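One chain comes next, on its own, written out as C-alpha cells in the form predicted on its own.
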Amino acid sequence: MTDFTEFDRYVESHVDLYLDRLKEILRIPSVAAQGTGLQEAADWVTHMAQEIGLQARQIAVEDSAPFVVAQGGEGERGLMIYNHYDVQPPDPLDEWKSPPFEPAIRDGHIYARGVADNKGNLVARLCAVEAYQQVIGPLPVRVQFIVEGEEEIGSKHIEAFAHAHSDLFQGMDGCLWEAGYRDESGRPVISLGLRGILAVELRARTANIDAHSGNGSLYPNAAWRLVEALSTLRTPDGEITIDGFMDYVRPPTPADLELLARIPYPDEQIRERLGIKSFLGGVTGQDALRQLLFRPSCTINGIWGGYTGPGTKTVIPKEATAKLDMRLIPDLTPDLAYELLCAHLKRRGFDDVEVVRAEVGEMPARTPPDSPFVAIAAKVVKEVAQAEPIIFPFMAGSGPMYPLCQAFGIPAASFGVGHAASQVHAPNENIRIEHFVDGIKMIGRFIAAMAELPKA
C-alpha cells in the first residue's frame, strides 16, 4: 500500500501554485452559451496537461468547441477522467459581490464563475497527477483526460466525438466524472449516475394578430390554450400524467432502497436555505429523497405571451410559449419521452399546440453500487475526508455520461471539490479552499488504488 504522507506534504506546500493555476483558467470567460473564450480555455487545458507531463492534443469536431485529450502513465488498468472547461453565463451581474471572472478569495473560499462547475475539479485533478509523479513516481495506470467545452449547452457534439474516436474508450476500467460536493452536514458525496433530460418548447397560436380583450368571452386566447395544455402534464404534487409515461419508470430495487436508507437527507436545512415552505406533495425525509431520485420530473423553465411590460394592456395574445425540461430515469429515453408527450397532447385534443424539441437530449446513466470501482472511490474519499461518504445512485442533474461511459461498459463515479452552498449556476459561485486541497489528495490516492482494481 502506498504511503501518502510525503504526497500530502507536497500538496500542502504547493497550494499557492495550485490556486494561481486555478485563477488563471477562472479568468477566461469560457461561456458556451455565448461562444466566448472556448478556444482560449481549451489552449489553457492543453498547455497545463503538457506542463505536468501528459501527452495532450485537441480534437476538432465540426461546429464544436475543441475536445482536449490528455494521456499518460502505463499499467494494466485505465482511468478516464471527464471534465469540461465551459461555464454558465454569469448573469445576473448585479448580484455578484466580486466580478465573476476576477477570482476573489474571502473567508477561506474562492469565488468565480465556474469554480465549482467545473474548473475547480479540473485543476485539482491535473495538479494531483503532477504531484503523484513528483513525489511517488510514474503513473501506475493509464490516465486519460477527456475535457470538452459544451457541457453547459448540452454536450451537443459529444456523441459524435465518442463514435468517431471509440478507440479512446477501449481498455478504460472506470471513469471519474466531473462533479462532486459535500452535503449540508459536510459529508462527502459520491454519485453513481445522472438523470437523462428532454427539453422542449410548447407553442400555442390561436390567431393571426392580438385582439382587444373585450372579446375575451368569444375569442380564443393563446395563453389560456397553453396553460390548459400544460395542466394535463402533471399533478400539483409533481406526478407526471402524460399518458403512458410512468409505465416506463423502473422502480427502485431492494439494493437501491438499502442505499437510500443510508443517506441522511437534510430536508429541513434544504428548504430553509432555499426559502421553500414545503416540497411537492409535502414529502419529507426519506420519502423526499426517493421522490427526488426515482421519480421523473416535468418542469416549466419559462413561460411568456401577450403583454408583460409595465402598466396594463388589455389584449388577447395570439401566441404563447413555454420552455420545459423533463428529467428522465431508466427506462425512459429522450426519444421515448418526446413521442409520449406528442401523442398525449394529440390524444387530449391539443394537436394544435406545437412541440419543438431542443437540439440535444441526454440519456439516463448509472453504475451499480456493488461495482469494485465504487468501492475504491469510497475508500479514498473516506481516508481524506475522515468521514464516511454518502453514496447517491443518481445526481439530480443530467450530463453526457451515457455516451462516454455506459455505452462502452465503463463504470463511472463522481466526487469532487464543491459543497452544498457552492452556488452552482448562480451568482457568487464558490468552493472552499480546504476542499480543493482535499480533492487533490483524493485523486492521488485514487490513481494508486486504480492500479490495484480487481479484474472483473
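None of these values were measured; they are calculated from a predicted model. Start at 1 and count along the sequence shown; that's the residue number.
A second form of this protein, the form predicted together with a further copy of the same chain, is not displayed here; the remarks below concern that form.
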property	result
Within 4.5 Å of a further copy of the same chain in the predicted bound form, all of Gln50, His84 and Arg250 (non-hydrogen atom)	no
Selected contact from Pro334, Gly305, Gly78, Pro369, since only one has a non-hydrogen atom within 4.5 angstroms of a further copy of the same chain in the predicted bound form	Gly305
Listed residue (Asn208, Ser166, Ser98, Ser185) with a non-hydrogen atom within 4.5 angstroms of a further copy of the same chain in the predicted bound form	Asn208
Exercise: Glu159 in contact with a further copy of the same chain in the predicted bound form, heavy atom 4.5 Å	no
Residue contact check: Tyr338 to a further copy of the same chain in the predicted bound form, 4.5 Å heavy atom	no
Partner proximity in the predicted bound form: Arg234 to a further copy of the same chain, non-hydrogen atom cutoff 4.5 Å	yes
Exercise: Glu102 in contact with a further copy of the same chain in the predicted bound form, heavy atom 4.5 Å	no
Segment assignment from 150-158, 378-386, 115-123, 209-217: heavy atom within 4.5 Å of a further copy of the same chain in the predicted bound form	209-217
Stretch 344-372: residues contacting a further copy of the same chain in the predicted bound form, 4.5 Å heavy atom cut-off	Asp351, Ala358, Val360
